[in-house]
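Only one chain is included here, represented as structure tokens and corresponding to the form predicted on its own.
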């Protein structure tokens, strides 16, 4: 029996690069709140919208399933994942390990500080509308900017996955205003400490912030049960 020749290496690399790019786009939709926990993804519709083949889309699904952002149910299809309380605890554990040291060792003149400032201002403007989903996205950008202070491409890439998983937890909660509103001024205070040349104080504030945020999310999540 004649074997089908293997695809050239450059072809496989190109296909993988396309899948990774599409996966990043879907991950951004989770982070932005467009895709919500439990939502079923139609393979046919999504492949048409993204103008890619179903084989490429299945590779995208495999990538995001490994990250915990999607889940595959046999004979039912692919769904946006619904986080567990255990996963929320782990997400905050990882956030403390990455974000707090990143801020403690930050240089106030780093380009990412401008990103932090822009995220704070965007959240304030969106609060006026109000657009609480947008405020949540601005908050995610603020924390992504904190990780960007590390100048580590690996940490930055890893944190995009963490943010997407965290946004899934936020998507389960009934009152995004109660969740996000208190942290608009807190983000501004943390930024102020850093801009005034006191990253250690900013890091202590962030550690307290993350502890309070974790409790708020877990309490809201527990009420869902």
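Residue numbers count along the first chain shown, from 1. Being a predicted model, the structure only gives us computed values, none of them experimental.
There is another form of this protein, the form predicted together with the DNA, and it is not shown here; the text below is about that form.
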Tell me which of 162-170, 63-71, 33-41, 190-198 has residues with heavy atoms within 4.5 angstroms of the DNA in the predicted bound form?
-> 33-41
May I ask you to check whether residue 58 falls inside a 4.5 Å heavy atom distance of the DNA in the predicted bound form?
-> yes
Give a yes or no for residue 101: in the predicted bound form, does one of its heavy atoms lie within 4.5 Å of a heavy atom belonging to the DNA?
-> no
Looking in the predicted bound form, any heavy atom of residue 184 within 4.5 Å of the DNA?
-> no
If you check in the predicted bound form, is residue 76 within 4.5 Å of the DNA, heavy atoms only?
-> yes
What residues of 49-64, in sequence order, lie within 4.5 Å of the DNA in the predicted bound form by heavy atom?
-> 51, 52, 53, 54, 55, 56, 58
